[in-house]
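A single chain comes next, written as structure tokens; it is the form predicted on its own.
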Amino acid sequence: MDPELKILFGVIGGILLVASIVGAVLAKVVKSDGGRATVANLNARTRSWWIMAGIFCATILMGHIFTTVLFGCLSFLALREFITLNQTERADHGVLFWSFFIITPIHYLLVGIQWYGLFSIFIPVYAFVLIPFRRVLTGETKGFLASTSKIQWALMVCVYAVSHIPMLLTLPMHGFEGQNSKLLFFFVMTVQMSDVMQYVWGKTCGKHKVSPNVSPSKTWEGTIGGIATTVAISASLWWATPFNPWQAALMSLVICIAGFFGGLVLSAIKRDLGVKDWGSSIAGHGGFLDRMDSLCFAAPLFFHLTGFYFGTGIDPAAPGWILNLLCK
């Protein structure tokens, strides 16, 4: 294993260990009902983080294909949560079958074979036109625009956006060959650290609401404190990335801001649907999409900024495995 990757794993393990110890202490000293409920939620989140971090780290060690499969499964589960909470018509069943069992697998197959050109347009172009084509064949006009829009949105957010995360492993960068797993780790850690730090800062000193009608728990103190703390931590890990310290700080700031607005946008959708969480699959966190909302909006932005400023160029015309054969 890359020595620097070992250090990154150690950092995450150390943070989770400290969080577990703090949670155990607080569980014994906090006496108020409200405080105990907050501590119980914090400890449930920490236990879930141990499991999620373990699965994520193990998947990274197993390589590009396993990472692609992991995020393909997460996209499928997030897509299911999104569609479940949105009202669909009987006429949508055929379109949903295509979305779950044809479009999503094909899209992640493109990630697996590293066909960047088709990957980048498959859902935004081909799936975009296929969905209304398939829906109109049912002859049912009731809710046509609402249904097709919801399914298109679901694929863009839950599948297309999320798939940029494993695609980071294929991004060619001069002087950073074979080390993209650290870049992927840096991105995911920054997004999730920002969420955690905003939660901690918000619970400890949050007073002024950012948008109480959209997300009652988000405060300016929590947002600014959490982002500032995350940027400082991520910038200190510049040595594991293709960035220098100020570039790592700037990239992590972009990630945090995009993740913040991503969470806010999906919170607005939840409020519109009249629910608090997308699901209850992850103890203390809600559903899969509750844990991935920040990733959805930050991943494409980070991927393309990194590729544009630090990449060596991607040939969009052929899958990565064909390019590898031609180069041998």
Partner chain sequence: MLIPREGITRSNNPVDRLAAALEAGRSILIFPEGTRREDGSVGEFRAGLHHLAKRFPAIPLVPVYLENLSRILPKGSFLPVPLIAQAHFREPIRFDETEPKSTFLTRAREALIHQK
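Everything numeric here is computed off the predicted structure, so don't read it as measured data. Positions refer to the first chain, counted from 1.
The protein also exists as the form predicted in complex with its partner chain; that form is not presented, and the subsequent description refers to it.
Among Arg80, Arg135, His164, Lys218, the residue placing a heavy atom within 4.5 Å of its partner chain in the model of the complex is Arg80.
Residue Leu96 is the only one of Val214, Leu253, Met156, Leu96 with a heavy atom lying within 4.5 Å of its partner chain in the model of the complex. Under a 4.5 angstroms non-hydrogen atom cutoff, its partner chain in the model of the complex lacks Thr204 among its neighbouring residues. Using a 4.5 Å cutoff between non-hydrogen atoms, Thr84 counts as a contact of its partner chain in the model of the complex. The shortest heavy atom separation between Phe101 and its partner chain in the model of the complex is within 4.5 Å.
When contacts are judged by a 4.5 Å heavy atom cut-off, Phe144 does not count as touching its partner chain in the model of the complex. Listed stretches are 172-180, 72-80, 107-115, 186-194; the contact stretch with its partner chain in the model of the complex is 72-80, by a heavy atom cutoff of 4.5 Å.
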